[in-house]
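Starting off, we have a lone chain in the form predicted on its own, written out as structure tokens.
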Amino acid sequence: MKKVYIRGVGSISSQKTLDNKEFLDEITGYNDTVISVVNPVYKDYIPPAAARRMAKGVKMGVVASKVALEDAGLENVDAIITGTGMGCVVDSEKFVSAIIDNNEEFLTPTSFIQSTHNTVGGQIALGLGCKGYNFTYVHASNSFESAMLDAKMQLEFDEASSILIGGVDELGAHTVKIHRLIDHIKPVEVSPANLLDSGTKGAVFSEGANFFVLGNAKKENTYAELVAVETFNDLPEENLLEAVKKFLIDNNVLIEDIDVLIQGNNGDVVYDRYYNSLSQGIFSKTQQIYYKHLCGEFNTASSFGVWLGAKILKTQQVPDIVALNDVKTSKLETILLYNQYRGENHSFTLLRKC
């Protein structure tokens, strides 16, 4: 089987991450419970007439994918695979609201057509003229990992040489209200520096789009090798340690080989215990970093974690803002990422310096 590499990245998040020449040089602060992305100038990437008809999630995905392709030095790819938890949720809300407001009569289909989860992948393909494999995974907070795993297997078996993958989710006003009602969003405002010390339930909700060009040939601009990905729909806390050990053993990696542990801590006092069991246990002497205090929580937030890991391995530096403990490693070669959301949809991702 061939190895798989990250060759290009594009990120739109609550931070200024779109410019690949920078790496969290300037941090955008907030004191809120729901945060939006730092919007690029969309007309620089999408004709204004087309952009007006696109949902925000579609625009984010199109721009992030274009940046990733440019970063990889490619104009097209063999396949496009996206992951999204909620799809174009704003258009979904519009259509459902129209059903109610119009008493189920005289409905226009536009919002319904644009609300499907595969709209992002479809729009990217139309823009590129890509007629290859195009698939969208909707697996809640494992959506991006499913897309990444699909691409990895295709590249390993040489079914494709370059694949564009991404994770994208947008905020919807009605959806946010629902999450507030069921205590999935923090009850009071919090700043990035105080997120893990908030002592409250829920997370800071957000949105974003993170895209990557994967290939099975190592190039000069390659970020990292994507060694392995594994997901679990359900993983009891008492079985987490054994699952991590088995994942590492299956990939011929020792615990002491992990130079950096990247975790998806989101400040939820109930569910951050999963992360604490690793950070205070077998990885207590490992350099640890986190990222959801910067990008917020959403179904494909783990894609921001992969972006962070890839940038660390390429630049060989760890920004101080993401440090979770005081341990400093002498080398940055192997990174393990662990993510879960509310005790479900766990994932392990292994990255290695090229």
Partner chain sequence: MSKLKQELKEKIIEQLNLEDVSIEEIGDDDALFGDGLGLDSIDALELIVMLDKDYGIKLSDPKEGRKIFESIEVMANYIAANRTK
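Residue numbers count along the first chain shown, from 1. These numbers come from a predicted model, not from an experiment.
Only in words, not in the display: the form predicted together with its partner chain, which the text now covers.
Only one of the listed residues (N102, N194, N221, N252) places a non-hydrogen atom within 4.5 angstroms of its partner chain in the predicted bound form, and that residue is N102. For the options N239, S284, T110, N76, the residue carrying a heavy atom within 4.5 angstroms of its partner chain in the predicted bound form is T110. By the 4.5 Å heavy atom rule, the three marked residues K43, P48 and R52 all count as contacting its partner chain in the predicted bound form. Figure note: of the listed segments 197-205, 102-110, 210-218, 266-274, the one touching its partner chain in the predicted bound form, with heavy atoms no more than 4.5 Å away, is 102-110.
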